[in-house]
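Just one chain is shown here, as structure tokens, and it is the form predicted alone.
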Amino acid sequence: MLKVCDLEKKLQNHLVLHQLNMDIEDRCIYGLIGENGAGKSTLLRVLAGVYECDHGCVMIDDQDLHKYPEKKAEILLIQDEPFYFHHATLSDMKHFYQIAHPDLDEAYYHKLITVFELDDRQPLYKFSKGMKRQAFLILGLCIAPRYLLLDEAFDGLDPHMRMMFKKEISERIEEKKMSVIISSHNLKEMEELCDCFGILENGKLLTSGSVSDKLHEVHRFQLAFAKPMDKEDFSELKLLSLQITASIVNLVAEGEEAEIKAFLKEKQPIMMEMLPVSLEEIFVFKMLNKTEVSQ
């Protein structure tokens, strides 16, 4: 397991990460979600050992990453703009990565460059942004470290390529027992791909957990009543959003579904319908800090 304990990081005297605590289980896809500037890239660089912690620590199997630098070999970071030598080809960069990762899967590499139709003899500076993404994703999957960190992994990829890489990532996790941590601001994509997630806002972890559990903890209801309703009628619920138009009520609440339904039925609605809620909507509610109801 990879654990982040009370992590803080400053860059140029600016506190970028604030007392972060995270648990990332083995063999999972973890979505690190947040807007630009939330601290996602900085956190990934700390996890990879590129940056040291100013406070707190990163632990792998209860060993501090910065006290046991050999553990860094279990982590590989593919950055938003991956490094490559100016005239290097993909084949050149494969050989460069093999210095630190001699177990790179050559057969899988040749399979993927064929599937994705990449010429590994062409200089990378001639590749489009999407092709560079494909090239370094291929290297990461061929190395298959215990923890593969992907910073905005799918930017610049068309929908078909995204689907293909998602399939490869899922199969590689199953085959190699690896974990993948993906940073993104695309919540819909993360909901479809990830087992677990963490939402960063201004360097703080706003909420985290299992995607499926979180979706089962948040519920949306549309109700109609025989009389006008007031926000005080729903004050006992843990509300993320409440909109009232006379006798029509739309609300989103956290908690046990059965308990919320029982509470609402006591209000004697003439109509009650439960509607789906997405991870993206949960993110919006959390980001806007809608813990107080609005009418």
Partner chain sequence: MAYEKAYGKWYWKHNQRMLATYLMIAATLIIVPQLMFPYDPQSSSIPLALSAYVVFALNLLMALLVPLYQFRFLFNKRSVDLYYPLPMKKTTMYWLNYGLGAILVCVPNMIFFINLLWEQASHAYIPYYLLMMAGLVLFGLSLYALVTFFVMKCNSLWDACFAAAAVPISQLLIVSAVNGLLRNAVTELVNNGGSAYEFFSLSYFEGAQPVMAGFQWISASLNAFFHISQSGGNFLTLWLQESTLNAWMLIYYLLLLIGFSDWACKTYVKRKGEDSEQQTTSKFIFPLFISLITGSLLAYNITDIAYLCFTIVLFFLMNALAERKLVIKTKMIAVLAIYGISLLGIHKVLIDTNGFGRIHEFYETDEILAVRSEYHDYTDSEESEMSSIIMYVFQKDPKLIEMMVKSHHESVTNNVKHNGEQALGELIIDYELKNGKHAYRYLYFYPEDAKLIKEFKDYIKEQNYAEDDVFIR
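The model shown is predicted, which means the values in this text are computed figures rather than measured ones. Numbering follows the first chain given and starts at 1.
Only in words, not in the display: the form predicted in complex with its partner chain, which the text now covers.
Engineer: Any idea which of 261-269, 22-30, 41-49, 222-230 reaches within 4.5 Å of its partner chain in the model of the complex, heavy atoms considered?
Structural biologist: Correct option: 41-49.
Engineer: Although its partner chain is absent from this view, report whether Phe96 comes within 4.5 Å of it in the model of the complex, heavy atoms only.
Structural biologist: It does: once its partner chain is placed as it appears in the model of the complex, Phe96 has a heavy atom within 4.5 Å of it.
Engineer: Can any non-hydrogen atom of Glu35 be found within 4.5 angstroms of its partner chain in the model of the complex?
Structural biologist: Glu35: no contact with its partner chain in the model of the complex.
Engineer: Can you check whether Glu81 is within 4.5 Å of its partner chain in the model of the complex, heavy atom basis?
Structural biologist: Contact with its partner chain, yes.
Engineer: Quick check on Glu70: any heavy atom within 4.5 Å of its partner chain in the model of the complex?
Structural biologist: Taking the distances in the model of the complex, the answer for Glu70 is yes, it comes within 4.5 Å of its partner chain.
Engineer: In the model of the complex, which of the listed residues (Glu256, Asp64, Asp54, Glu236) lies with a heavy atom within 4.5 Å of its partner chain?
Structural biologist: For this set of options, the contacting one is Asp54.
Engineer: So which residues in 1-34, when you check its partner chain in the model of the complex, have a heavy atom no farther than 4.5 Å from it?
Structural biologist: The stretch touches the partner through Lys9, Lys10, Leu11, Gln12.
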